[in-house]
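The chain that follows stands alone, in the form predicted alone, written as C-alpha cells.
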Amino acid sequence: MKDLFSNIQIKVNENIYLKNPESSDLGKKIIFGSIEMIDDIGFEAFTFRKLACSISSTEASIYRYFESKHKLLLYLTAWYWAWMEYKLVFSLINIISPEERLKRAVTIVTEPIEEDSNFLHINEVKLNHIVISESSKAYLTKEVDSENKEGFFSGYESMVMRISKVIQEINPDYPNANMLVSTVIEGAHHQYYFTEHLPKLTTISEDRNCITNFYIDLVFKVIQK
C-alpha cells in the first residue's frame, strides 16, 4: 500500500507561483528552506534574502518561483490543505458507516501531525506549526476576495465541504455543517497553540488525543437529531 502512494503528487493552484517549485531541485530547496526558516523565526522576520542565504542561492532565483513572500505563504498553506485532503480521502476509503467516516475525518483534522515519508522535501510537522501560527496571514488581507476568486483557498474549502457532506449524511436537517467543520479545524489549531504558549486557555493533558477526543464528542453532540 505504501508503494501505491509513493508517487503521489500534491497539486497547488498554478496561479500562486511563477514556476512550479516541484519541477526542480532548487524549487524543492526553496520550499524546504522556507518551512524551516518560517517555523524558526516567524513569517514577519522571514525574507527572501535570508532564505537565499540559508539555501546558498540568490534572491533573484527565488523570485523566479514566487513574486512575493505572501505568495510563498499561500503556496505552503495550499499545499498543506491539499495534503490533508489526500490523507482524508485515503482514510475514508471503503468505510461504509457515515458515523465512522465522520469520526475518522474529525480525527484527521485535529490529531497531532506526523511526517509523511512520501514528501522528503517537506516537513509536515513544521508546516503544521506554520499553518497554526501563520496561515491566517494568508487570508486576512485586502486581497482575499480576489485571491479567493482565483481559487487560492479551494483546498481548504474542499476539505471543509467533504466533511460537511458526511455530517449531512448523518443528519440532513443540520443547517450549519460548513460552519461546524471550519470551527472544529480552526478551534483545534488554537488549542494546540494554547497548549504550547497560553496553557491557561486550554486543558493540559498527558493524553495526546485529548484535543481530538474533545472535538469528536463535540461534533456528535451538536449534530444529533
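Quantities reported herein were computed from a predicted structural model and do not represent experimental measurements. Residue indices: 1-based, along the sequence shown.
The next section is about a form of this same protein that is not shown, the form predicted in complex with a further copy of the same chain.
For His197, a non-hydrogen atom is located within 4.5 Å of a further copy of the same chain in the predicted complex, even though that partner is not displayed. Looking at Lys50, you'd find every heavy atom of it more than 4.5 angstroms from a further copy of the same chain in the predicted complex.
Proximity of Pro175 to a further copy of the same chain in the predicted complex falls within the 4.5 Å heavy atom cutoff. By the criterion of a heavy atom within 4.5 Å, Ile96 is excluded from the residues contacting a further copy of the same chain in the predicted complex. Stretch 133-141 is the answer when you ask which of 133-141, 71-79, 119-127, 104-112 has residues with heavy atoms within 4.5 Å of a further copy of the same chain in the predicted complex. Although a further copy of the same chain is omitted here, in the predicted complex all of Asp40, Val160 and Leu180 have a heavy atom within 4.5 Å of it. For the partner-free chain shown, Lys142, Val144, Asp145, Asn148, Phe153, Tyr156, Glu157 of 142-159 come within 4.5 angstroms of a further copy of the same chain in the predicted complex, judged by any non-hydrogen atom.
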